Structures are given as structure tokens and as C-alpha cells.
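Shown here is one chain on its own, the form predicted alone, set out as C-alpha cells.
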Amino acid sequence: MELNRWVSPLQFMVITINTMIGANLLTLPRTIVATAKQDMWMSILVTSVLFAVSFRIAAALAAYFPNHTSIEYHRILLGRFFGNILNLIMLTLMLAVTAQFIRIFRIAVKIFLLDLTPSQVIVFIFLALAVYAAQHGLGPIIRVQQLLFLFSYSLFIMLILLGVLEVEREHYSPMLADGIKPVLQGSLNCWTAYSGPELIIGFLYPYLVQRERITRYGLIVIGAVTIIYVLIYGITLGILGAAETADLLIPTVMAYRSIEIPDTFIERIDGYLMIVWIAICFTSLLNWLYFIGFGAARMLKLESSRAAMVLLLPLISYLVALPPDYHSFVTASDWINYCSLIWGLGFMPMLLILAWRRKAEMKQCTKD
């Protein structure tokens, strides 16, 4: 990307929504219900508030360095050595989130669609297509996502709302039976469902058209994603109940498998849901791969990020296959979730304080 502002607010919103929403749509209800139970929707609301704070901090930090990406201003704030270490931590975290994303995708596709296809083939084809598409740059990526966005999410939300036909009200009560502590614990467990904008804002900020309004648009995105999460997770809970949702590996699909529309030819709603979900997953993976490759190229001072993206293919494939079983994968996912939380509410505020002090010192030197 050349350093000229051309990413519009609408394009920024499409990119961030597609980055946030992905594979977690199918598996996350089990993780939240295990702690928050029937109050899982409250956990989602708490997480949205915390993440809005994290995004506001990330946007404010980027505003101190309007013509630099996060790769550069980490070096400015911490020095070349420690700045590169922080860049490496950030890119490693993004790689881990991407590998977790693909592992969930592999599990879901293997169970519900391609049960006879080897897992390695599913991962390789999915990754190879995304790497090929990401090499054409952010412009084509944005145009494709804008083209698919309205159709895919309109159909997706329509399919989600069909779940209201099978909801049972008693699954939502009693409210706060165990107090507020399980709700707060559940909110920490679903941080990765929002993760993405706080990482990519540092790459996108120099290229945004209306930088001064970026926080407003970011909050709109977080609010829209929260509504989608509350709908799909709340309906899943209303169909299955807390106990069954916590026991199922992929509760969302299982919940929609039981939905039937009387007097119509439409059946197997879960099949339609999976088809739309795959398209959403692909656009999300496309964004993650592009920004990881873009960040690696800026860090290594490469002229093009294409080589970095190609090298990501074997690396991510290895990370996807690294956990030997599902229990190890769940443990690794918990660590990734907490690392993302520490980055958003730990490292980012620290960097913002350093940026504020640096600007204050520069003003003082100017006055002197």
C-alpha cells in the first residue's frame, strides 16, 4: 500500500467486521455457557464494552503517529531492539489467532461436510486459496468483500432469525442464579470473538480517509457484531439449553439442525448456515493473512509482502496441526485468548502512555 489515504469509513467497517466474525461463531457458545450458563448474553455485552475501550486506546495510539504503521511506531516508542521484539510478539499473536481459526474451521468442515476428506487437504486448499487471493493487495480484497458483504450477512442474519421458531423461554432462566462472577469470567473467555480491530488499526490508520471519525465507526462495528453474537448465541442457548450447549463440540450447527419450516421445501437449515459461514470464514482469513504478511514485510523492510504471505502457508499449516488432540487445542485456545486480552488491555495502554509522554516532552522541548 502506498502512503496515501484511500480506505473509506465504509470499507474500514467492512474489513473490521469480516476480521472479527469467523470460526468462533460455531464453537464459542460452548466456551461461554460452560462458565456463564444462561447468562451468556450478559458476558457478551461485558466483553463488547471492554473491547470498545481497547479499540479506543488502539485508535488513540495510532493517532499519535498518523503517517506510520504500528510496526514503525513500536520502534519509535521502545527503540529498535525492543520495538522489534514487540512487533514479533504481535505478529506471533496474529499467527496464533489465525491457526486457531483454521483449526476450528477444519473441525467443523470435517464433521458436517467432508467427513471422508483428510484434514490436511482441507487446511491446505483453504489456506492456498486465501494466500493466492491476499497476494493481489488490499484494494481487490476490499472490493471483493464489499461485493459479498451485503449478500452474505443478510442471508446469514435471516438464517439466524429462523432459530426463534425453536426457542424455549425457560432456557433463559433463572437470571444471575450464581451471581455476577460467572458472567465476568465468561466475558474473558470470549475475547477472541472480538479480536482483530485492535491489531489491524495500526496497519490501516495511515491509509484512512476520515481518521478523526475512526473511533465512532469502530464503535458502530463493535455494536453491530455484538448484536449478531447475542442473536446467534442467545438463540442457540434458547434451543438447546445451557447443559446441552456446554456438552456439544459445535453447538450452533447442532441447534439449527433441529429447525424445520412447516409447509415449505426448505430443510436442513444447518446446511445453508454452513455454506454462508464458509464464505464469511474465507473473507476473515483473507484479512488475517494479508495483515500478517503486510506486517512481516514492513518489519523486514521488504518491497512486497507476497513472499512473506507464501512463507505463511507452511508455517500456519504446522501451527494448525501442532496440538495433538482436541483437549490440547482447547488449552492452547485459552492461552491465545488470554494473550489477546493482555495485548488489548495491557500492552496497548502502556504504549499509549509512552506516546503521550513522548508528545509532552516534545512540546516542552519546543517551548524551551
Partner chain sequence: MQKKIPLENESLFTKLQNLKTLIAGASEVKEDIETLVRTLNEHCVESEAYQLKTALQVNIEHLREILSGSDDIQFREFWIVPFQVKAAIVFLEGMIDQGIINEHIIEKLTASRSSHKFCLEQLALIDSIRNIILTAASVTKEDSMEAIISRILSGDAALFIDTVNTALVIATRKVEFRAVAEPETEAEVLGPRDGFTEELRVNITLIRRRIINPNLIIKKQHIGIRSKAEVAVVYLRGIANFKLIHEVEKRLKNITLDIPAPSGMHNLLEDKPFSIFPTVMSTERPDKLAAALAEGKAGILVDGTPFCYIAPSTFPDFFKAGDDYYEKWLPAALIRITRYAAAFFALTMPALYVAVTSFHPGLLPTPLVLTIGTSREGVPFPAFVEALIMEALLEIMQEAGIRLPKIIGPAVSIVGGLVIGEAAVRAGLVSPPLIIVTSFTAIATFSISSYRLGLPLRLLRVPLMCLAASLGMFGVMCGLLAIAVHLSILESFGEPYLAPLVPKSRANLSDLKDTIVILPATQMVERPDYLEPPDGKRQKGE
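Residue numbers count along the first chain shown, from 1. Keep in mind that this is a model prediction, so the values were computed, not measured.
There is also a form predicted together with the partner chain; it is not shown, and the following applies to it.
At the 4.5 Å threshold, heavy atoms of residue 132 reach the partner chain in the model of the complex. By the criterion of a heavy atom within 4.5 Å, residue 144 is counted among the residues contacting the partner chain in the model of the complex. Although the partner is absent from this view, residue 158 stays clear of the partner chain in the model of the complex, with no non-hydrogen atom inside 4.5 angstroms. Looking at residue 10, you'd find a heavy atom of it within 4.5 angstroms of the partner chain in the model of the complex. For the three marked residues, 109, 113 and 140, a heavy atom of each sits within 4.5 Å of the partner chain in the model of the complex.
Put simply, of 278, 230, 164, 219 only one has a heavy atom within 4.5 Å of the partner chain in the model of the complex, and it is 278. Of the residues 73, 282, 207, 294, just one reaches the partner chain in the model of the complex with a heavy atom at 4.5 Å or closer; this is 282. Remark: of stretches 101 to 109, 87 to 95, 199 to 207, 234 to 242, the one touching the partner chain in the model of the complex is 101 to 109 (heavy atom within 4.5 Å).
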